[in-house]
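Okay, here we've got a single chain as structure tokens, the form predicted alone, with questions on binding and movement later.
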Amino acid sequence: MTIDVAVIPGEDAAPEAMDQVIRIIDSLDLEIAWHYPEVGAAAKEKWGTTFPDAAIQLIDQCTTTLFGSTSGPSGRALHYLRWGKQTYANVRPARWRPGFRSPLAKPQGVDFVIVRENLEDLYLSLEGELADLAPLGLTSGTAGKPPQALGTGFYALKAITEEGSARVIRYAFELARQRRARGLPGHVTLGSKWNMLPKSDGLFRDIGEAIAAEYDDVPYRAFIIDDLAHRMVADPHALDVVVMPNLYGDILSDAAAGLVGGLGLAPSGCYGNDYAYFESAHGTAPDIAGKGIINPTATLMSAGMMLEYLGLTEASRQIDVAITRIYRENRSLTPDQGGQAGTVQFADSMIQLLSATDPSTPIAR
């Protein structure tokens, strides 16, 4: 049965990566039909809006969405995929493979996943002038004065809810069980700033401890977020599943990508109770747009996560094996990974490897 997938290529150099990823997946002869909702600048010109109703309907008709990277014009579509579809768990793997340009002296064995709460925290995007807080009668617990007395400026609202925290932390524990079944450590590490924010970040930690008691088969520990940041750099091998609120997860997942070799190697999937979409963690790379050298690996690995979500596990595994080989054998790598190949040449090599991949080949870690 054909699976319908919506594709939103994004802006700047992102479509160059997406085009080649679609070509790579098509080489596997899967029963996937690609659909392209009109969003962004082209939709604005045609429909007068960057996210017309027709695009929403098409996304809703598809099983999932593969998203590129947006610099703004496609942003409303991204918001719909997150808040409209309630994809609350942003899963960002950080796994080193031979050939990845890691700055670590010994990156072998680094293989952990950051589970970032995807909908709350500062990403509610609620800001305003400090003077607007005066009617609330607030006094800073550190400065000892009302926030509006600090000077002229702005506030940002951070919100951590019991419901939002519980569902993403529970997701992390379930993921740890799945990873253990695949031979990985299968433990959970939680990070938040409960020493400075005992109510909001403290709530996140408290819920983590309560859920950990339900999963007595899954080892669990919690660290203040700055301590966790240090541990992630000093001993990334000790991590497996790491769960944290939105902003910390956004920042530390980019740092995790740097540990294994860069954002060009950083995939992600955003999961809800009945929907998921997939996107690379990097930006749109406007500085290299049109040059044909963007690394499509992050988008390809995100597509591999998508295939697994769709139940196409063998195709996902074939792509994983081919990515491991292309880097291990230093084939057609893009400039960000020390090579001289372009995006199309990388895709050509991937397709060649996929056509020759032995399904029984073990995945090197």
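Sequential numbering from 1, following the sequence displayed. Quick caveat: nothing in here was measured; it's all calculated off a predicted structure.
If you look for the form predicted together with a small molecule, you will not find it shown, but the lines that follow are about it.
- The listed set A222, L259, A212, A285 contains one residue whose heavy atoms approach the small molecule in the predicted bound form to within 4.5 Å, identified as A285.
- Though the small molecule is absent from this view, in the predicted bound form it lies within 4.5 Å of a heavy atom of just one residue from G191, G208, G249, G264, which is G264.
- With the partner left out here, the small molecule still marks one of 160-168, 240-248, 275-283, 224-232 in the predicted bound form; by a 4.5 Å heavy atom cut-off that stretch is 275-283.
- Heavy atoms of no residue among D4, V39 and D60 are located within 4.5 Å of the small molecule in the predicted bound form.
- None of the heavy atoms of E308 is located within 4.5 Å of the small molecule in the predicted bound form.
- The closest heavy atom approach of I294 to the small molecule in the predicted bound form falls within 4.5 Å.
- Among heavy atoms of D254, some come within 4.5 Å of the small molecule in the predicted bound form.
- When the small molecule is considered in the predicted bound form, D336 lines it closely, a heavy atom lying within 4.5 Å.
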